[in-house]
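Encoded as structure tokens, the following chain is the form predicted on its own, with no partner shown.
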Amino acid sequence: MAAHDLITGQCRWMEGSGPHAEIVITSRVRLARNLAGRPFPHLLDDKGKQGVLAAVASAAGAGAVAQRYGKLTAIQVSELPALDRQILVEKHLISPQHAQPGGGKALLVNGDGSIGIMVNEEDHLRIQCLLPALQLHEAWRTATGVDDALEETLDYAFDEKHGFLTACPTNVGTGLRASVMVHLPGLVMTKQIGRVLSALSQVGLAVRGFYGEGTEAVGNLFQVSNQITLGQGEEEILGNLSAVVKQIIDQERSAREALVREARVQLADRVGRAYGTLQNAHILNSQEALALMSELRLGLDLKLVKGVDTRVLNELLVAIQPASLQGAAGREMQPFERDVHRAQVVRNRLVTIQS
């Protein structure tokens, strides 16, 4: 698999199937690891980073990883054009920090993007498993399996008292960051979202936007993740997050049921207007497109409209983003030209919807 295939292809998380897929878009588990005896990436020069990359790539190409999880292709992120790096961010395959200029950065990734290793991001390794719907434990099993296979060759920085050592103190311990991306239009429309988000912070969970830390929620999409990695075991972290997410799912379903019960006509009108705008608009900025797609997704889940696969909407979450739009078109665009092209892309993809 070449970098071009990953940049232009689709990812497994876009499938739109699995447990609670009508509310949970993705489940992600990420493990932060560093190599013993080497400075953290921010203290390494390019030669040092290349040494880390060589060690990780060698371990990933060894028998244990390949036999259990298939071949991981190495993509030299540092050598990609800025637009291609941003496309990988939009697909949730690398972080915004990893897309910043700098030598020695790479992504080791499988064919469908469900397994990835960011090399020389904030830590030497960020092992990630990204799956559709609510599959936190499945993602954990895969990520920790890759981690164990790598550790057969690599010597990690580990302290008996503190656990895995990381560049940021908030990751020390398990190095585990688990998150789910949830679609919560019901709680937003019924004005319960503030209460829910406040409660999450009180139980040690963080709520972030579409691209994680430092980003805002758009299109009623929220990322919920653990904040504590020290003093808790992996199963406890995953169990707590899963339990809270299931409560959020129940509350979102209740909010949707209330909307249908108390304001079905108004909701159907709102969904129909969003559907009509997406099918007919000739100018759409990204925020408006995501907001309208959120209402269409809600309408599909509530059977107020029909005829489109959820996968199409998941693919559009990426396809309408600035870098992906320009990459697919094969040229750079000014903001207004992107808005025009975005509307055209949406119209073309939704042409098969039948209400």
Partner chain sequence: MVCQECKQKPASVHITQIINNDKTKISLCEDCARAYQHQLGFNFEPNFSIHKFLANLLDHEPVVGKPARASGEQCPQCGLTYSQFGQLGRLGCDRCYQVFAGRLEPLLRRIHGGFAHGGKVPRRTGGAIRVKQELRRLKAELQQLVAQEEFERAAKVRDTIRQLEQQLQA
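Positions refer to the first chain, counted from 1. Since the model is a prediction, treat every value here as computed from it, not as a measurement.
Another form, the form predicted together with its partner chain, is not on view; read the next lines as being about it.
Enquirer: Thinking of its partner chain in the model of the complex, which stretch from 103-111, 184-192, 253-261, 163-171 has heavy atoms inside 4.5 Å of it?
Expert: The contacting stretch is 163-171.
Enquirer: Should the three residues G37, Q97 and P335 be counted as contacting its partner chain in the model of the complex, with contact defined as a heavy atom within 4.5 Å for each?
Expert: Verified in the model of the complex; spot residues all in contact, yes.
Enquirer: Consider L43 of the chain shown here, and say whether it contacts its partner chain in the model of the complex, taking contact as heavy atoms within 4.5 Å.
Expert: L43: yes, in contact with its partner chain in the model of the complex.
Enquirer: At 4.5 Å between heavy atoms, is K49 in contact with its partner chain in the model of the complex?
Expert: No - in the model of the complex, heavy atoms of K49 and its partner chain never come within 4.5 Å of each other.
Enquirer: Considering only heavy atoms, tell me if G239 and its partner chain come within 4.5 Å of each other in the model of the complex.
Expert: It does not: once its partner chain is placed as it appears in the model of the complex, G239 has no heavy atom within 4.5 Å of it.
Enquirer: Mark T73 yes when one of its heavy atoms lies within 4.5 Å of a heavy atom of its partner chain in the model of the complex, and no otherwise.
Expert: No, no contact at 4.5 Å.
Enquirer: So its partner chain isn't shown here. In the model of the complex, which residue out of V196, L80, L154, V244 has a non-hydrogen atom within 4.5 Å of it?
Expert: Here the answer is residue option L154.
Enquirer: Since the partner is left out here, which residues of 133-152 would have a heavy atom within 4.5 Å of its partner chain in the model of the complex?
Expert: Contacts from 133-152: W140, T144, D147, D148, E151, E152.
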